[in-house]
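Shown here is one chain on its own, the form predicted on its own, set out as structure tokens.
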């Protein structure tokens, strides 16, 4: 007698939870390993000469970094370094999400157009690929310079919008290529079956092509999310926009002589920013693949 559908769903959910717990444990084990390797290198550097600088200025102890979380941003301030980094990380996350949303939307629209019209694919795809060869550090000041002259009625273009545009610029490419590959994934048999039902192109797009593209879209979304985060942090550093974690990296890097552990707290904020983006995409992955066939258990 076959197992009820509800039982299968509970089993699939339980399997996913178990895999998630295992993944978290492996991640924690990786963090512990990195900490041990960091301290081991510092310990060896105190006895033998290594090709890297292991002094406390360049490689502070892990416990020194942890202690820096509770230090004030400036002497006499009630705001701790941790609070400043969390606030800056949230600001960068908002900008990265805006850029990610714009980039994903543009990438999907571009992929749909290229899939629908073959001449657009032949004409646009080379330019889409070539667009990613422009150095970001050179592009950021150019976007800021052009954006400062743009206004939409009462809305003035700010440097924050420039950073968001750069994040979208990096995010759209992986999504457009992955979505195009996914939209072209349906087999000839499936396409012929839809045509036999007299399905219109838009019906084939929503009923066949988009569902078939999910296995390609999810990895592309993960790459796009990572690209949006990298674009946001690099653009903040290049443009000097205030409020984000990229700006903190510059400010804290100037204090490495007196407070070397402080800059690492900002680095941890950038890492947390990337992890938050990955978590959001993973949640979207669970939603998009909820109705797909699950792997059979042995």
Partner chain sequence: MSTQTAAQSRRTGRFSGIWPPILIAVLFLAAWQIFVVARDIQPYLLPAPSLIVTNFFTDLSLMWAAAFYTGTTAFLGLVLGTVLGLVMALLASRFIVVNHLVTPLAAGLAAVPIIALTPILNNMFNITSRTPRVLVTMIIVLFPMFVNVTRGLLQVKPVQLELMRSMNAHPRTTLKVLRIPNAIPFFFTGLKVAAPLAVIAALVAEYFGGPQEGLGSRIASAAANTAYGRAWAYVVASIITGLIFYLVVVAVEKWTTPWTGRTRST
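Positions refer to the first chain, counted from 1. Since the model is a prediction, treat every value here as computed from it, not as a measurement.
There is also a form predicted in complex with its partner chain; it is not shown, and the following applies to it.
Taking non-hydrogen atoms only, residue 48 never approaches its partner chain to within 4.5 angstroms in the predicted complex.
Remark: residue 62 does not count among the residues lining its partner chain in the predicted complex, judged by a heavy atom distance of 4.5 Å or less. At least one heavy atom of residue 134 is located within 4.5 Å of its partner chain in the predicted complex. Residue 141 belongs to the set of residues with a heavy atom inside 4.5 Å of its partner chain in the predicted complex. This chain is drawn without its partner chain; in the predicted complex, the residue among 205, 177, 108, 82 with a heavy atom within 4.5 Å of it is 177. Using a 4.5 angstroms heavy atom cutoff to its partner chain in the predicted complex, none of 15, 90 and 280 count as contacting.
Heavy atoms closer than or equal to 4.5 Å to its partner chain in the predicted complex belong, across 266 to 280, to the residues 267, 270, 271, 274, 275, 278, ordered by sequence position. Relative to the shown form, the CA atoms of residue 137 and residue 171 are brought 3 Å or more closer together in the predicted complex.
Annotation for the pair residue 178/residue 137: C-alpha atoms approach each other in the predicted complex, by 3 Å or more compared with this form.
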